[in-house]
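Shown next are two forms of a single protein chain, provided one at a time as structure tokens under the names structure 1 and structure 2.
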Structure 1
Amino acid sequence: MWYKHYMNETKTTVSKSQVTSRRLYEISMAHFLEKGFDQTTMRDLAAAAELSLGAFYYHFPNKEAVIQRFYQQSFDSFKYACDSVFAETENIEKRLLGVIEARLKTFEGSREILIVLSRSAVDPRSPLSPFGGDQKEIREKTVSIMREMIESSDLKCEKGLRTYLPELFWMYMMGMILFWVFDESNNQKKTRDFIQQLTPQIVRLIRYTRIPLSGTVLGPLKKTLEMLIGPR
């Protein structure tokens, strides 16, 4: 339901150039699905759109720019959905479940393209990798969403650990997306069942860090997180 509201609220009058750009985007995405991203050239895309190469370059300087639009559009709808989740509840478990479900929902009609892109996406040197420098802006914005999710929630945990949670929750969500992309169960039910089972356990463990005796475990854990994410 939130997705329909998002699409309705973002409808605006578009120019001829925007209409053309949208058409080229759709043609390109269909071509990637049919031929594969790595195997597709800009000349292939221009030919499929019945345009000169120069005319195609006017809208997209390279094929990675097409995927960048895909990433940005999916992020925009994801952000909109998260705002709705945060308005509905302060419970961190429900929020985390809602955020992950919202992210999967934004990709629901694009699972096949994510499978096509998976080879490039897992290469940190690729501009398409969510872990690479080219995706830093969207990555940081997503971590900020996780930070907002935590800060206005009912979560109580050890103060030092709390500062690492936005990045850790982002990593958890990315892992679930990867699991979902390759899940061949009916409607990816296995992934959703796994998320429903694992998420409450993660939240419960985080809450337990308030117990004083947890310090002997938390000390080495925070040192590990400092190595992984950076000092806080």
Structure 2
Amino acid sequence: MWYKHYMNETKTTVSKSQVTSRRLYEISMAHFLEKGFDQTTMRDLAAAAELSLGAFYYHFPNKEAVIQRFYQQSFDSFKYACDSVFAETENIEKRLLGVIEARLKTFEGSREILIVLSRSAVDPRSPLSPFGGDQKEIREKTVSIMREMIESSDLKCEKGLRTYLPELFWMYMMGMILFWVFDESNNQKKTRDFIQQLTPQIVRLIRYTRIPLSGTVLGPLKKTLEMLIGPR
């Protein structure tokens, strides 16, 4: 049974299930943010949605699935935000800063959710591992965003290194997210400051690689990168 639904101008078909699961998702997130993930029971959520427990499980196979959806959606808004960053400037430093800021913004106010997310993400067997399961796709898309960011930018650097940069920037961003998760300072200000400080230095180092002299450092480095990321 399908319900035709018209939303301003754009014609979209939305199943009843999609409507309900969206409702459940929103109610769940509200509860998680208020009471905490562990403190919220599936019965709480079902009751709040005035739905039976079984029906809730019909829409979400388990509690974590709800925050998987959050991760999905946060990625979508991140991707969207990147587009405007790229439209704004070709400067690689500003772009990289903008992209990381955009990513953290998608997590703002949901730090506990992200902690739960990271908890599973460090487990290589979990579906939330950036290398293994459902999240692999997001990782690849994020690397692609980094690639796009670099290609259309003003960045000039040693050619060989350049091919590794998308993955390297992805790792850098992941590191900053981890830093943010641990950052207990007010509104994670420490993380923001740190990123502002560190990013220009990284970019500067990368630009330095154009100087031929840098070959002594660059040679072994490239072999290391190959081990880390894979051959190019």
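FYI, numbering is relative to structure 1, first residue = 1. Each form is matched to the other, and the largest set of C-alpha atoms that superpose within 1.5 Å is called the rigid core. What you see is a predicted model; the values in this text were computed from it and never measured.
Two copies of the same chain, shown separately. Which of them is the form predicted on its own?
That would be structure 1.
State whether the rigid part containing His59 also contains Ile92, for the motion between structures 1 and 2.
Same part, no.
Please state how many degrees the smaller rigid part turns against the larger between structures 1 and 2.
Between the forms, the smaller part turns 26 degrees against the larger.
Once both forms share the same rigid core frame, by what distance in Å has the CA of Glu26 shifted between structures 1 and 2?
For Glu26, the C-alpha ends up 3.4 Å from its position in the other form.
To one decimal place, what C-alpha displacement in Å is found for Thr40 between structures 1 and 2 with the rigid core superposed?
Thr40 is displaced by 8.3 Å at its C-alpha.
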